[in-house]
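Before any questions on how it binds or moves, here is one chain, the form predicted alone, in structure tokens.
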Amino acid sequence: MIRHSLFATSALFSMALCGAAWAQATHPETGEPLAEDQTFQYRLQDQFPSLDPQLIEETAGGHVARQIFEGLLTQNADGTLRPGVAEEWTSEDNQTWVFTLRDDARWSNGDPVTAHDFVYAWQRAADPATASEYAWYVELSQIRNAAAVIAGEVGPEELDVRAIDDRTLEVTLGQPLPYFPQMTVHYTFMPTHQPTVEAHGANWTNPENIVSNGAYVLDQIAVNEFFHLVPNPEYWGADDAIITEITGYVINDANQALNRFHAGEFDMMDDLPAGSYPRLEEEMPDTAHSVPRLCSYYYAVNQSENGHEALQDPRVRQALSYAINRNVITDQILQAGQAPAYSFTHWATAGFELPEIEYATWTQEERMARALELMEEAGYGPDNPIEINLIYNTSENHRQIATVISQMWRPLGVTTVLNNYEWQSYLDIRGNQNFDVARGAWCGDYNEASTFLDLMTSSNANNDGKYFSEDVDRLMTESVSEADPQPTYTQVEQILAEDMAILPIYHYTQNFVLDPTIRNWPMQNVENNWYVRDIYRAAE
């Protein structure tokens, strides 16, 4: 059982702020003088499609959700768990979990946040009527009856999560899962305010309608331009949040965004222009950062019934993968500490050991020689060329990588047609399998290897290539109940490499620029989960 002890000095800090101007206040823990300006601005590459916790399916929306909603648990700067709405959580057997909610949690309209709000949200996430792209996540969490609810075989009220009373939430899993509390950090499991959803339907997240329970509330949004958040006075920790405004600017072009960062228009941007990091690190060592991030960059291959005939042959998929010189991409294009990937799960995943993948040990010359052999064995090559439609979401970095890879594939007799789309269109096209090869990236929803490998199971809605392996499905099911699932994970990775279910390309780093006056940024959180209520701006 864990008890909350965060911000023990909050009362003292509040008194300090009330009794002095911002410029005279100091941080209660570090003693640093605080700047008068306590606003925070950052750049987003793409507009998030939704702020509904049960409908969010990508990282940009997830970052905003962590500011305006709060789940049962959140994370410290190093990624360890800390209380959120729940102040205690316990389980005798890792199968039945009981969360005790704090009595001062409030929605932005003043209503208390109760266990019933979580029951509603979690049932809603699994309900087929919601059409959540993350319904599979509820099943992955092993909540009893989740699979049947998602399949429409029983109603959402059969999901085994119940409010014992307003402050006690009990969740029963189909089998023990020791890392279940970690999974509750994800936005899919954040609460939603039922009266607001029912009153406004799809428009409930509009600024004039939304009711949320995080440290900030949505004040304004202009699609494809910006959004603006202000403090939520009803938040239980409102007195501890130092930043007074958050603004996110949607700027797709990375070079333009970097110029605007240099001009002081915002405090943070990631997804830096390819190849820019070494210069930025040399010129601004206190501003440019590169840290491990739990994401893997890959190409999905359409293996559905309407996929390219040649790509149904694993020998062709292997050839395409072997022909990719990953070191060129990481060392010459990106240049920000990324690692070549020959398997899917990110190397920094907690408790995970990278598997031995045979082609990872070959030289690039050996890989290319084998790729040519495989294409010939499959009946393709320069004498019988194929044309592939490769899609990616609009980004100069993605374009550069796709261009280079298309050149690497030419000796195989492969002509690549590149097509880019804005973010929402790209998600729709990829989700409907209207592609041959699609850029993909997967960021861990929690820090355990199954967050990557479950993507390749047949029931996962984000398995956009529609790869199917009975062995992978079975092994991932078995892994849930194993005390040490590493051998199973290794076996799954080896099957994925043999089938070349996806084409792994590189493991991410989080390379970004951050105004050095912004302090307490969670550099050690490999999941890149950041909460603005934790940061502050120091006086220069």
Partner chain sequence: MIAFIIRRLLVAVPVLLILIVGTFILMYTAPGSPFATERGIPPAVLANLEAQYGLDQPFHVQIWRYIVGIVTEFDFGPSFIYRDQDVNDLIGQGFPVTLTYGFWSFLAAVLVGGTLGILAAVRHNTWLDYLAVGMSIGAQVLPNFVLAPILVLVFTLWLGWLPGGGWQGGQWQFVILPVIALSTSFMASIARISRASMLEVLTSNFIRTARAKGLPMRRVIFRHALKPALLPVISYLGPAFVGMITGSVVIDIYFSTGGIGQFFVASALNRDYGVMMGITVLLGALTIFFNLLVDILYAWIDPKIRY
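None of these values were measured; they are calculated from a predicted model. Numbering follows the first chain given and starts at 1.
Missing here is the form predicted together with its partner chain; even so, the following discussion is about that form.
At the 4.5 Å threshold, heavy atoms of L427 reach its partner chain in the model of the complex. Proximity of V223 to its partner chain in the model of the complex: non-hydrogen atoms within 4.5 Å are present.
Although the partner is absent here, A263 sits close enough that one of its heavy atoms falls within 4.5 Å of its partner chain in the model of the complex.
Interface membership of Q303, defined by any non-hydrogen atom within 4.5 Å of its partner chain in the model of the complex, is ruled out.
Residue heavy atoms within 4.5 Å of its partner chain in the model of the complex occur in exactly one stretch of 440-448, 358-366, 330-338, 234-242, and that stretch is 440-448. Here is the short version: of D253, D166, D219, E170, the single residue with a heavy atom within 4.5 Å of its partner chain in the model of the complex is D253. Though its partner chain is absent from this view, in the model of the complex it lies within 4.5 Å of a heavy atom of just one residue from Q41, Q47, T509, T488, which is Q47. Within 4.5 Å of its partner chain in the model of the complex, a heavy atom is found for not a single one of L73, L81 and Q175.
Contacts to its partner chain in the model of the complex (heavy atom within 4.5 Å) from stretch 176-206: A202, N203, T205, N206.
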